[in-house]
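Only one chain is given next, in structure tokens, and it is the form predicted alone.
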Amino acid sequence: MVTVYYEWASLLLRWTHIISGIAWIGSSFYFMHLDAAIKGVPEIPAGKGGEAWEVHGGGFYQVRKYLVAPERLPKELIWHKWQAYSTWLSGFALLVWIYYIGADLFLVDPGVRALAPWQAAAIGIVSLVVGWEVYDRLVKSPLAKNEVALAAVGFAYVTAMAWFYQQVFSGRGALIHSGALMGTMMVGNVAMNIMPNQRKVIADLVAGREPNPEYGKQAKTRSRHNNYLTLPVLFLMLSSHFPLTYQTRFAWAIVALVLVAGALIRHFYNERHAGRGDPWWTWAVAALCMWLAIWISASSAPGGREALGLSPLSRTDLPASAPKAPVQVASIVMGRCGMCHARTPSFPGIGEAPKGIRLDTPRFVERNRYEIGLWAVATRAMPPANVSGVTDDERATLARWVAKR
């Protein structure tokens, strides 16, 4: 029953994280779009705000924005904060559940750095705290007076952190922590700047004082940063399922390219929604960045590019007459991978075959030639941290088998 509870806890945590993320991203994108659509009206002094009309669900909405604050505080005020908080809390819980509790499998790679699980977890947690502090100081520094300069330094900082993570963690752990750092920066913006500034504005209104417009400007800057970081963070959260993104010594460069591509796509929509035209060039540059990321992942795959020519359509069915993998190949795969990828896994903490892939018979080995070629040969992502000790000679044998198609 322990396995049942563990698997259900993992599912519920992921479910919570996805739902929270959808709510946060949706509201973030909506308000950025709304800000861009706001137009001046006579009832609000020039430069102090505006309004936008929307239609949805059979009704019309009149939305007004005050750049500083309205003359009086309404009785009811909707706050947008728990979408961000619940996304980070559930995400951090997943980080602990998968990467810190299972550090020996998913976070520590002895070939990169021989860390004890507690050391790896400590580095991860401390880096998120310090990472936020460094970013916060950058935004509060004189550098913030120049948005382009701040963006360039911020880009270099996140890329440097991705490089640092790759020097201490497995590739998978490095990319997930790069995403977690950006997510921490985003929720820190909400909790440490946007919300406190809104409370200060409300306190001034209640006290009959005119709110300081600087509070709104600071919050707007942080909100804009969150908007541009959203797409890269989503990519990095998904990357753990795709070894070609992280099983390369240049994974930090892939992070940098995804940062540029994601920011450019958001820039296109921000400009379009603001009525400032359609900068189609952003899509061309974003596509180039992603092409470079793909090229890097393929050209620097640890096991070479030979195994990457196999198609997922190469999978075979499993009737009684299905072909079997050669004895030598089956022996390697069943011996090195069968403890997890079996009907009843024997590896501690593994309750069922990951992704439902079984490798405990020669027929299953043959059927999953594509997965073996990608995960065990081309990227060498499996076994995690090479816990079963697959040798280079054994991988070479698998590579020759895979190459035969």
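Each residue number is its position in the shown sequence, starting from 1. All values derive from a computational prediction rather than experimental measurement.
The next section is about a form of this same protein that is not shown, the form predicted in complex with ligand HEC.
Considering Leu34, Ile350, Leu67, Val41, which brings a non-hydrogen atom within 4.5 Å of ligand HEC in the predicted bound form? Residue within 4.5 Å of the partner: Ile350.
Among Phe106, Phe235, Trp132, Trp88, which has any heavy atom within 4.5 Å of ligand HEC in the predicted bound form? Among Phe106, Phe235, Trp132, Trp88, a heavy atom within 4.5 Å of ligand HEC in the predicted bound form occurs only for Phe106.
Hey, in the predicted bound form, is Ala378 touching ligand HEC, heavy atoms inside 4.5 Å? Heavy-atom contact with ligand HEC at 4.5 Å: absent for Ala378.
Give a yes/no on whether Pro354 approaches ligand HEC to within 4.5 Å in the predicted bound form, heavy atoms considered. Judged by the heavy-atom cut-off of 4.5 Å, Pro354 is in contact with ligand HEC in the predicted bound form.
Wondering, does Gly21 line up within 4.5 Å of ligand HEC in the predicted bound form on heavy atoms? Gly21: no, not in contact with ligand HEC in the predicted bound form.
Proximity of Ala52 to ligand HEC in the predicted bound form, heavy atoms at 4.5 Å: Although ligand HEC is absent here, Ala52 would stay clear of it in the predicted bound form, with no heavy atoms inside 4.5 Å.
Taking Ala121, Gly124 and His177 as a possible spot, do all three reach ligand HEC in the predicted bound form with a heavy atom inside 4.5 Å? Checking in the predicted bound form: none of Ala121, Gly124 and His177 is within 4.5 Å of ligand HEC.
Listed range touching ligand HEC, judged in the predicted bound form by heavy atoms within 4.5 Å, from 22-30, 59-67, 340-348, 41-49: Going by heavy atoms within 4.5 Å, the stretch is 340-348.
Which residues, if any, of 358-387 lie within 4.5 Å of ligand HEC in the predicted bound form when only heavy atoms count? Leu359, Glu371, Ile372, Trp375, Ala376, Met382, Pro383, Pro384, Val387, in sequence order.
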